[in-house]
Structure formats: structure tokens, C-alpha cells
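Shown below, as C-alpha cells, is a lone chain in the form predicted alone; questions about how it binds or moves come after it.
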């Protein structure tokens, strides 16, 4: 239950922190700071909180697989119920000035759906004639659950359609809204701007975007979350043979992505386990270079998976689409290296974690350094939250690849470091 704002001690001035990014790291940093009686301005460039992780499905089979998906839902709910956290959705940081603290400016792009009026009835989603114009979030804890994609909406093309606005029973939709600017002051900043997933179009041999039954692991996550089972995009049937291909975009020196994304082995195996639990008759193969041992009890989990999942230590070559939209995959035999052709109903590409597209512009705005891969650089290798500005801290995949649990841990560390910094600054004053 929301107990209202926490009071500061007598004579104590309220501190404020700007958190950039509303994914799991930003949510955790914001919540931990609020627990320390710090006010937070949380800026998210998208329509919904939760980032990539809120799209992930529960991968429990006969027991919990510790994938972390449920912790994202819990943290999201805690943040929206916390009065010390002010959320700015569909907002972009425009400028930052160092003046002892930080002065910043934001641009709020129109939400068009009023969170105070929307009841998440979904009528706009049902009635909209333009595919993709009304976007539905992945969590019921996002308020509102629906948003308008201006690039697909007919109103923003030629003003020809206002069905969503006219049909809304709560008058929650306003298509005529315009962008607004805002400014504020902060005593510290946490950068939790997240990552972008590798676009497998950059690996044309796999035919992503051409072969209908070649999908990414993120698309598989969404499918399992929304439908509760795995089906082939081409005909909505349950695939009988599934191949996972690891390290798509990661550990690729031709693309200058020599780093490991750290999460791909774990999420492919958990996803395969979840699918096997639903459909034990399905044959699942995982093609890999090396299995990265990440996390507690990972080796034991890997051994259990070997009982019903085939692991092939060879990266496949080209994928070709054949009859009935099946996929022919070529790889080398582990024993003698001879070429093998095998047919699958579905191929899942385990795409890697790449630096965020906004990293260069954000780094320039904040006067921060990037590392050679394009992630935000640490000033102190012994402090995973440090930057070259003592008032700015890092959290989550903005700093480098990591899973949900590690992102939350690092975000908690960032909050503690911010609190120590604010305390030190108060003593100096």
C-alpha cells in the first residue's frame, strides 16, 4: 500500500537524481534511491517502462529456472507506486549543464493517451484500422497499456482517421497534442540507457527477414509471453524440430564485436527447457562455439539439459527455405568435419547485446567516455558504476552486457554510490 512521501530529517534538504532509462536497471536504481529518501526523475524515451526485459516470458518448467522475468514485473509495480519517483514517458534528454549540480532539459513527445483517464479497456486497439498504429505494452502494470505509433497512424499521415479518439469511452485519447519542453535540476545522474539487440540482417547467410521461420530469441520471448506456446510464423503450427544458433552478432571479429554478450547461452537453454516442458516430442538442437558458464549452478543446469537437448559444437553456414517453409541448415560433423544437411521447422537466432544507438550522443551531452565497443566506460575498473564525472553513475547494460540479475545488482550499487556522493557533497557545503 502506498504510504505517501517519506519525510526528510529536520533541516535536511531533499536531494534529486535524474535516472536516464526505464529498463530494469533504471527501475531498480530509481526504486533503491527512493528507499534512501532521494527524489527521482525517471526519463524513458519509449511509451512503456520495463525496457527489453519486460517482454521476457517466464521460463519455468517443472521448477523455477531463475530467469528473472518475474522480478521485472515486481520492480515495475513498485516504481509506479512510489511517490518519490516521477516518470517521464516518451521523453528525450535534450541538454545537460554542469553547475555544481546538473541543469537539464527534456522534450516530452505527445503521449496522446492520458494515463489518468485510460482504463486499459483496449477498445482503441480493437477498432484501429491501421496495423501497428495502436501499440500494446507487455505488462498490465504499465499505465496506460496502449500507445499510438505516429509513424503508422492514419491521422498523422493525412488526418483521415480519428476512430480511436472518437470511440474512446473515457475521452482519454487526444490526437492533437504537440511536443513540450521541460527543464529541471538534479544533484546526480544515473545512466541506465540500456542496449540494442543485434539486428541479424547483418548476418545475411541466415536469411532473417527473408525466411519466415527464422526468428530472433527476443521474438521467441514475446511469442511465449503472448501466446503461451511456440508456433511457426508461416502457418501457426507447433514446430517439431527447432534449432538455436548462438553468438549471432557476438564474438564476431568480422563485425568488430569480439565481446561475449554473456546472456545468450543461458537464455537459449532456459527457452529450450521451457519449450521441451510444453512439447516433449519436439526435437531441439543448440549450435554453439562455446557454452559460457555464467551464474550459480550453471554447469549442473547444462548437464541436465543434455538429457533432452542436442548440443552441436559447430556454427552453421547458409540457411535455405524449402518446401512447406522448412529450413535446410548446413553444418560440419563434429567427428570428421564432413558437411551435414539437416531440416528444421524453426530456427532461433540468439542475438547479442549491442551498445545503445544513443550512446555516442548521450556520451557527448554528458561529457562521458565510451569504451572501444561503444558502451559507457568505467573510470575505475574496481567500481562498476564509476564514470569520468564523479556525479554521474552507470547501471545495467549501458555499461556492458549483463543479465537481469546482474543489472539489478549493479543498479543497487549505483544507488548506494549516489547516496555516498550526495552525502559527501552535503558535508562539503
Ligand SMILES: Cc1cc2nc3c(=O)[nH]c(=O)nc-3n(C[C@H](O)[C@H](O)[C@H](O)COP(=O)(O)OP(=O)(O)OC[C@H]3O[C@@H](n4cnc5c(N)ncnc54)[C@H](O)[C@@H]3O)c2cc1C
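Small disclaimer: the values here were computed from a predicted structure and weren't measured. Residue numbers count along the first chain shown, from 1.
FYI, the form predicted in complex with the ligand isn't displayed, but the following is about it.
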{"query": "Which of 315-323, 354-362, 207-215, 240-248 lines the interface with the ligand in the model of the complex (heavy atom within 4.5 Å)", "finding": "354-362"}
{"query": "Contact of residue 221 with the ligand in the model of the complex (heavy atom, 4.5 Å)", "finding": "yes"}
{"query": "Residue contact check: residue 92 to the ligand in the model of the complex, 4.5 Å heavy atom", "finding": "yes"}
{"query": "Contact of residue 263 with the ligand in the model of the complex (heavy atom, 4.5 Å)", "finding": "yes"}
{"query": "Exercise: residue 346 in contact with the ligand in the model of the complex, heavy atom 4.5 Å", "finding": "no"}
{"query": "Sequence-ordered list of residues in 14-30 near the ligand in the model of the complex, where near means a heavy atom within 4.5 Å", "finding": "20, 21, 22, 23, 24, 25, 26"}
